[in-house]
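Take a look at this one chain, the form predicted alone, written out in structure tokens.
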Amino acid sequence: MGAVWFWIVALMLAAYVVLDGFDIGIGILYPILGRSGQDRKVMLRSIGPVWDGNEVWLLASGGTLFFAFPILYASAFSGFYLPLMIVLWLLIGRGIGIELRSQVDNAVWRSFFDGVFFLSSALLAIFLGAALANVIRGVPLGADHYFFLPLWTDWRAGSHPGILDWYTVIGGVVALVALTTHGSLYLALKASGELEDRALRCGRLSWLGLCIMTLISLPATVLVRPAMLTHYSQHPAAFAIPAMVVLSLAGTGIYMRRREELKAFLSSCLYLATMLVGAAVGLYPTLLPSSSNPGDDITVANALSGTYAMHVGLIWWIFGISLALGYFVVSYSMFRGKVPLHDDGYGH
């Protein structure tokens, strides 16, 4: 049962990154591609009907983590208190940037909230990437499974690191470039004319950066945590996942050059999903590794809730996720296609 809940949480987090990832990417690109008021309207309207719904996956992942692995939830939310508060404020910043910019017809007002939207989106991408890198690298867990991390120490990924070091910075940059590419491709799907062309050009440039950062991040991960290869060596079929990472990355570039926006976007979705699933495969059955003593790792076995709770919870989870999936199918079906320029809504 523990393996089932491990993969439920992993797949829900992957769904969040894929779906909210293009929202964040639009925010990063907002001052770069939004050269006119009309461009900014199209960019906001492309995500307006779905951005807040996409964040449901983050809330659902947190709730599922609390239910299935309460020890991990307690440990992570205390040890990562500072970065989690920063992420919370960045999520709030993105929301108010989108919702409040059009409440007052004033150029200074709009420029301020446009800046809030951009800055919150860019920093959120960096912090999410650094958070994943912290989990992969490990934290200085004690025997009681609690830990404390300063913002930084000596920038080395040793036994007592900080939240930021050379490896977690790489993770943050990878996330920033990946979500920029993801957002460019989504905008190319939703926009038309010159804005669509600019989105594709920007996507090609960020894709090149993503190729470079992916090549850097993979050996860096093995260097920081050699144990990531253990599960792959025990199950050689798992090497299909990094192969899919490479293929999806190549497919993104090929389809962009062919101007097949939908296939390029789906390839980007696959890249993000397989990168996260690949990390989960390397970690399993560890949930949060200890950088100081492997015996203090938080694992599926020592963090799982009771058996009865897991079985009842699975029934309710299936019911709840079915409702959520139905909502997403209806929502994305209603707002499919290019963004119309004549309707009222976000960015008016």
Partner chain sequence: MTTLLLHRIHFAFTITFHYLFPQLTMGLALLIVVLKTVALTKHDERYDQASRFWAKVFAVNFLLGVVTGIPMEFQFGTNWSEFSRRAGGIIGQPLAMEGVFSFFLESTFLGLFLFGEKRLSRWAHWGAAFMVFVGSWISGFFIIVTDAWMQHPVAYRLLPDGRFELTSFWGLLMNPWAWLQYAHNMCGAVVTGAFVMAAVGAFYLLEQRHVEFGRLFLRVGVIAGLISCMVQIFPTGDLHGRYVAKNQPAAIAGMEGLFHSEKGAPIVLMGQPDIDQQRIDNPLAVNKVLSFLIYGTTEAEVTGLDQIPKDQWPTTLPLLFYSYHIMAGLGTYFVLLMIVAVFLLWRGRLYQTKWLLWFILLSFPLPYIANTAGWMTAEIGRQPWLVYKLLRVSEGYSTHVSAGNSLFTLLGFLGMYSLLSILWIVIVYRFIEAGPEKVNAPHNSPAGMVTA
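What you see is a predicted model, and the numbers here were worked out from it, not measured in a lab. Residue numbers count along the first chain shown, from 1.
What comes next is about the form predicted together with the partner chain, which is not displayed.
For residue 37, no non-hydrogen atom is located within 4.5 Å of the partner chain in the model of the complex, even though that partner is not displayed. Interface membership of residue 11, defined by any non-hydrogen atom within 4.5 Å of the partner chain in the model of the complex, is ruled out.
Residue contact check for residue 103: one or more of its heavy atoms lie within 4.5 Å of the partner chain in the model of the complex.
Taking the partner from elsewhere, residue 32 is found to have every heavy atom lying beyond 4.5 Å of the partner chain in the model of the complex. Proximity to the partner chain in the model of the complex, defined as a heavy atom within 4.5 Å, holds among 238, 246, 215, 91 only for 91. In terms of contact with the partner chain in the model of the complex, the residue from 266, 227, 169, 96 that brings a heavy atom within 4.5 Å is 96. For the three marked residues, 85, 146 and 334, a heavy atom of each sits within 4.5 Å of the partner chain in the model of the complex.
From the list 50-58, 23-31, 288-296, 275-283, the contact stretch for the partner chain in the model of the complex under a 4.5 Å heavy atom rule is 50-58.
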